[in-house]
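Heads up, the chain below is alone and in the form predicted alone; it's given as structure tokens.
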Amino acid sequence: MMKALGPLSRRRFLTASASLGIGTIAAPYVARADDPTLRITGWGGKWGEIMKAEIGPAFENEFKCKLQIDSAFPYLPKLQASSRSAPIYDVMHTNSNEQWAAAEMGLVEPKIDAKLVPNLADVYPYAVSDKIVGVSIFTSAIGLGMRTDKGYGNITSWKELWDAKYNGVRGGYVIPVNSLGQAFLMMCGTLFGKGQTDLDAAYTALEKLKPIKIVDFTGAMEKMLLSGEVGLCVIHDSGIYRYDGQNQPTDFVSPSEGVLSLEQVLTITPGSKMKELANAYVNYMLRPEVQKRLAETVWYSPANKKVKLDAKYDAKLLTTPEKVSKLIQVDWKWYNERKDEIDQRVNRIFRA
């Protein structure tokens, strides 16, 4: 049990959730042997750096606990392999496609209890929509990344990716392993058919994208765009904006038809013995101060409506109801149920 955390009454919980001393911590929290340990997942890179240096230690200091963070993706297979009554994670942070798969297997709780996570009251509707398991704490916009030094002109639509002038320099993803590619496939159904679930229209559209350079991960796409190997590609906005200040000839395009939502989602495992602390962590990650610090480090759009970003971030990220209304969320439950069939068909398309 959580004896080292102490009796976390609703009054104390709300008080503890009201302030955060980010940037003021002199030293990491030194956990005692009997302190509770909260086992979570999280990304590496800049996200991992700031979590380790600031966000994590502040949480540990406030709640007198230890965070054990697994940043070795993928997380779902490890959760599957662990005991339901003693899961390897208390809180899982990953993208929506994996969260939906985990929920269907009963490995994560489908929703967060708003009574236990007060900051849930301040999130944009997309963060707790029927397309979300748990809660989305941030999102990125999936649109088009382009080189600005190739004379391509003003790009405004997803459909311009199919223009023959981009043959050989357009970029996409290995759809079976990349959620951006999977979301893009559903967008193809919307662009050229009756909607996200129009697989025939999507397959026909993918055929017409060839020749196309495909990669497994967005990091590889970023490198190809920076090197000029691709001139127009599918990518999330943070994959462009993270190079702000480096004078790179690249830009992000938000297509007129809307941008796909790449959510960063937190869920709690049903078998966790640290439910109280897990809910406190989710609430903490939704605090405006925490959201602002992370958003301005990794260029993710915060889910909390009360976050006020500095001007250069506010100008580009999804920080108003009007901007957020451009987000298109996909039906990952529907997609996951058909993933094997889709993978087989897509593999045939890109092998041909």
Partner chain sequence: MSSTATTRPNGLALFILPSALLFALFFFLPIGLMALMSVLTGNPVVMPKVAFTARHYARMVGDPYYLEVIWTTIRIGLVTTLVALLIGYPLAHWMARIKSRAGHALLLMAVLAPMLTGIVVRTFAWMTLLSDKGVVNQTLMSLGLIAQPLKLMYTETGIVVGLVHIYVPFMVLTLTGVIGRIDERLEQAAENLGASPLRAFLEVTLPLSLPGILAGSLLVFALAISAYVTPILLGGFQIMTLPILIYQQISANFNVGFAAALGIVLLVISLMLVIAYNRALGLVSGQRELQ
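Positions refer to the first chain, counted from 1. Owing to the predicted nature of the structure, the values given are computational and were not obtained by experimental measurement.
Quick note: we don't show the form predicted in complex with its partner chain, though the next part is all about it.
Here the chain stands by itself, but in the model of the complex one stretch of 207-215, 269-277, 155-163, 110-118, 207-215, has heavy atoms within 4.5 Å of its partner chain. Shown here without its partner, the chain carries Glu98, Met105 and Arg351, all of which come within 4.5 Å of its partner chain in the model of the complex through at least one heavy atom. When its partner chain is considered in the model of the complex, Leu232 lies well away from it, no heavy atom lying within 4.5 Å. Its partner chain in the model of the complex is approached by Pro176, whose closest heavy atom lies within 4.5 angstroms of it. In the model of the complex, its partner chain lies farther than 4.5 Å from every heavy atom of Gly258. Among heavy atoms of Pro77, some come within 4.5 Å of its partner chain in the model of the complex.
Screening Gln248, Ser129, Thr197, Ser82 for any heavy atom within 4.5 Å of its partner chain in the model of the complex leaves a single hit, Ser82. No residues of 41-63 lie near its partner chain in the model of the complex, the criterion being any heavy atom within 4.5 Å.
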